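We begin with a single chain expressed as structure tokens, specifically the form predicted on its own.
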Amino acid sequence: MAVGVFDSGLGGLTVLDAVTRKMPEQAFVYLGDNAHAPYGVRTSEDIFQLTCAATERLWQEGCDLVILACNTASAAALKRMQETWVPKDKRVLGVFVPLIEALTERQWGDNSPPREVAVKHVALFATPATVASRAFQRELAYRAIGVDVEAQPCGGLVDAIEQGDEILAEALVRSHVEALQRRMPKPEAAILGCTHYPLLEKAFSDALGPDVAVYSQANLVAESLSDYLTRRPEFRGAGTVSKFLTTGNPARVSDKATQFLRRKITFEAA
């Protein structure tokens, strides 16, 4: 048994890397649905069905707790999964919760009325499906008032990252930032709302300028998960060895993952 980490492709490895550094003794099973990536251009129903199938596969590995290290899945499928599908003895958690906690400076369990927060103008960079779901805006509205969110769908960016084309990826970042700034010239904060995007955090920061605080997910998720497992140790599992699974070609995905994290990663067929 271990903690499951799921992503549509390789982006969730940024989260896995952070949680592994935070909890080096914890075993994880990572599943990338590379055969069906990217999720960001799929319908919400398609995302729901694929995410449920991947979660069930991780349950088969003994992962009673599964982290959706994919903003698209978290935005388009998580709420429905939790309300209609996840059994009582399992847990499925998303990754944009810690971002909203950090942005609004309040804990997830804080159910007090929404209040004024320091940041008023927020830029959200995410996949088209995440933007269309308006999940970030919905969750922010539960906790904060007077926050203007301008969302930029970053078409093509995940593909460029997955293909290892850094030049194209950085050019797309600049293009998407320019497009957003035409609508919101002076954001105070920027949310990188996809777990692939931390790999381009410097490119986003450079394009946005030094006055914009950039919120990237991996370390925030690691802190949040560590706290959760401290409170709910029964979901840690008894496993001691981590493993990597993919619905795609294991050799190809292993090569890309090794390039991605700059350390040897070996995937098995899911």
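All values derive from a computational prediction rather than experimental measurement. Each residue number is its position in the shown sequence, starting from 1.
Beyond what is shown, the protein has a form predicted in complex with D-glutamic acid (DGL); the following relates to that form.
A heavy atom within 4.5 Å of D-glutamic acid (DGL) in the model of the complex is found for one listed residue only; from 93, 177, 144, 158, this is 158. None of 221-229, 39-47, 208-216, 57-65 except one has non-hydrogen atoms within 4.5 angstroms of D-glutamic acid (DGL) in the model of the complex; the exception is 39-47. When D-glutamic acid (DGL) is considered in the model of the complex, residue 194 lines it closely, a heavy atom lying within 4.5 Å.
If you take 246-270 and check each residue for a heavy atom within 4.5 Å of D-glutamic acid (DGL) in the model of the complex, you get nothing at all.
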